[in-house]
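Let's start with one chain on its own, the form predicted on its own, as structure tokens.
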């Protein structure tokens, strides 16, 4: 009886281990984007493979991944990560290498390596979504002249009222220099000098006493709806959802938008490496990337994915005009330089923290 009991225990343990190995933990951003990921990637992946997926939210950065890898206790399998963090994590040896040759080709057979724009992905990332940080305003607060440029966000005389701003240097420094007259092609060259950094902070100083800082992506639309601010920086997808699904009277100012790419990475040492790679391969197809745009206005980074953007799943509206990469929205758009931010993020975070206390 004792041997039978032991055998039963071993079989149960083996079954439990196999079941656990077939449950993937995906870490993403929550909110409306997180729901889009669930509908566009997770649910179809589960249906196709039978592999369960647990979704967790996080706020970015490498600290949690670094702690898992260094302790040898990796419990995240796939992380939806901004490209600058993916580059740093790859350079630090915290992430598995994701060969572009293993990603699915475009529908016409074009290899994935030729289907991604240059510099749009890390060597440790698959997938690929482009979002934009923009300025948005509540139309009801501007019965007369309405803001239309990034310069208007910094013009308290012409458009008085409080401004919402994310409590980080990323994008804010770029916005400041663009609004101060720096050509798009010179923004990062300017930020590469002490004088340029000082110029960016000086421009931020001009509105500092009217800034209401935000940290979570859900906050800017709520701040606009509550009329806590008249204008705010925000993620374009969050504002889109408020406009379309909640019928909020918000307007996006695409002028000066800063586009950022993200990708799917695998923390080094996950015991579920095979299914993590399987999920990334699934989510990296042009069809999967385009599926995100059925639920939120973020663009696929793959050329072939953009060609598949169609209509919003719940409302039927055409999504192409709401994409950051739409031609009419790109007239003065800046692509975030992820190499610059990978090299300078820590220093800029420190400088921004000091600026906040002044």
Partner chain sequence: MVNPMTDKRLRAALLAAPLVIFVAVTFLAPLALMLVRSVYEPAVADSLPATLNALAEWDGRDLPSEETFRIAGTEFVALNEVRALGSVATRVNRLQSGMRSTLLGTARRLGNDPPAGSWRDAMIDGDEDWAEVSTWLAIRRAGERITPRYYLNALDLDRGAAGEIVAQPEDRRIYVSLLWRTFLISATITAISLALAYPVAWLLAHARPARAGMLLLLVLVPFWTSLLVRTTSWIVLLQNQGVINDLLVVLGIIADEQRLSLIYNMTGTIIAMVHVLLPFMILPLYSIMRTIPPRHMQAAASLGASFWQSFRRVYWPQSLPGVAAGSLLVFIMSIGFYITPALVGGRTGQLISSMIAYHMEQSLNWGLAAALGAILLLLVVLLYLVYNRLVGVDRMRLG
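From a predicted model like this one, the values you see are computed outputs, not experimental measurements. Positions refer to the first chain, counted from 1.
Keep in mind that the form predicted together with its partner chain is missing from the display, and what follows is about it.
This chain is displayed without its partner chain, yet in the predicted complex the stretch 218 to 226 from 183 to 191, 218 to 226, 104 to 112, 145 to 153 comes within 4.5 Å of it by heavy atoms. With a 4.5 Å cutoff on heavy atoms, residue 23 does not count as touching its partner chain in the predicted complex; it lies far away. Residue 344 belongs to the set of residues with a heavy atom inside 4.5 Å of its partner chain in the predicted complex. Its partner chain in the predicted complex comes within 4.5 Å of a heavy atom belonging to residue 91. Taking the partner from the other structure, its partner chain in the predicted complex has a heavy atom within 4.5 Å of a heavy atom of residue 59. Contacts of stretch 259 to 297 with its partner chain in the predicted complex, defined by any heavy atom lying within 4.5 Å, are made by 268 alone.
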